[in-house]
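Only one chain is given next, in structure tokens, and it is the form predicted on its own.
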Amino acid sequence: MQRVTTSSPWPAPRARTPVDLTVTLPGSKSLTNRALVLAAIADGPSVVRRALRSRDTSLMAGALTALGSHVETGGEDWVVTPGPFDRDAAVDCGLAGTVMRFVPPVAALAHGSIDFDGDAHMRNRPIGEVLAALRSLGVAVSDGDRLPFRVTGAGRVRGGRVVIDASASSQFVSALLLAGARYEQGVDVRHDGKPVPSLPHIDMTVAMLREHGVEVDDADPHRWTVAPGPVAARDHLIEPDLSNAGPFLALAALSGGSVTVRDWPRHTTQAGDALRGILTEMGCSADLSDAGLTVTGPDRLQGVDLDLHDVGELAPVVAALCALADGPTHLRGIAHIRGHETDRLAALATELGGLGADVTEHDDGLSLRPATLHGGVFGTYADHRMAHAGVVVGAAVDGVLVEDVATTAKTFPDFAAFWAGLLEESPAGRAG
């Protein structure tokens, strides 16, 4: 866990009165990148409508283009034309776990050698289970279980049964499922290990495969079978990124104000939808209507006892909000977020504690007790979710300086300007 030092940390703006805001958020990174992968191996062109334009999605578009697809990203709607994967290529994963994990099973279908690397920190993130699975399916993969690595494709993959331990990331399962229909025998993925985290993301993958006409059997726990066959071309309309809604809804919660997020879907596989229940437990009201989701904050925030195993990506913002609550909190079931962009449990304990929070780090979570917070520098460790946590605390506490706030571009371009603009316009303004 290495702190990123910037010459001038960003002063997080305060919410000194209850906010009254309506926001429109960029599209979901998880949906956009899955849609791009499926479009690249489909049987015809597809359109990804309202695609998120961010570093992670640009890296995915670049990776698929390097393999041989054509991804037109000039407008709000991105057109993907599958191409022959018939070349040697280099893939830059940056800090995008979806690129590092989802693209190698696709690269295995190529005629050529595909080299993968990324930002320095990505060399610490787990990928070994996916690489081992590909080797067991007959794919030539260089030795090792971290970046950098090489996948040498022969234009076909045998496929079949594979056993993996996906307890570190649900993306290990999704990676194999997304490409599996193009394997000669499909793919039969069986998990053997501790419970798989972030199961909603696997549900998202399965749902999107079915939209493309792919037959998926997920009836048995810890087993997912994809039948071999074509991937039909389909257009996707990308939902707002509900996990990115976290800091905005937290703003309503901590200020005792109201925030509406437009276009919140009534039915979704996104993990961020859990924010409705989490914030309600903390004393907020959450109303889902045709206008979107409206969260109104209470006079006093309540502490909570939450198992966030399935929605670990929400933990940084939830922890920041709980550091401001009037009662004790215990967040558990999230040991796996130690393997995200940084060790998020250690980072949250360090940075919240540095601002005066009474926080205890556990193997699989955090405990927080009421305390008076103060200003200071909040490190982000090149992690967009840590930056979100920092701005949430900064909205309630004077003098919080967020290091490397630009890391939010991973999933939300121009986040800092957007956030500051909201607080400049509140309580009467509207943004979006």
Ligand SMILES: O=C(O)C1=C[C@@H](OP(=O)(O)O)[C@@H](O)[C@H](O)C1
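Computed from a predicted structure; not experimentally measured. One rule holds for the numbers: they count along the sequence shown, beginning at 1.
The following text describes the form predicted in complex with this ligand, which does not appear among the structures shown.
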Exercise for the section: Given this ligand as it appears in the predicted complex, superposed onto the chain shown via the C-alphas lining its site, indicate whether the pocket is open or blocked by backbone or C-beta atoms at a 2.4 Å cut-off with 3 or more atoms counting as blocked. Expected result: open
Handout entry: 4.5 angstroms heavy atom contact with this ligand in the predicted complex for Pro197
Key = yes
Practice task
Consider Arg182 of the chain shown here, and say whether it contacts this ligand in the predicted complex, taking contact as heavy atoms within 4.5 Å.
Solution key: no
Practice task
Decide whether Glu313 counts as a contact residue for this ligand in the predicted complex under a heavy atom distance cut-off of 4.5 Å.
Solution key: yes
Handout entry: His236: touches this ligand in the predicted complex, heavy atom cutoff 4.5 angstroms
Key = no
Practice task
Would you check whether this ligand, in the predicted complex, lies within 4.5 angstroms of a non-hydrogen atom from each of Thr98, Phe102 and Ala168?
Solution key: yes
Problem - Contact stretch among 65-73, 22-30, 401-409, 367-375 - heavy atom within 4.5 Å of this ligand in the predicted complex - result: 22-30
Problem - Residues in 110-124 with any heavy atom within 4.5 Å of this ligand in the predicted complex - result: none
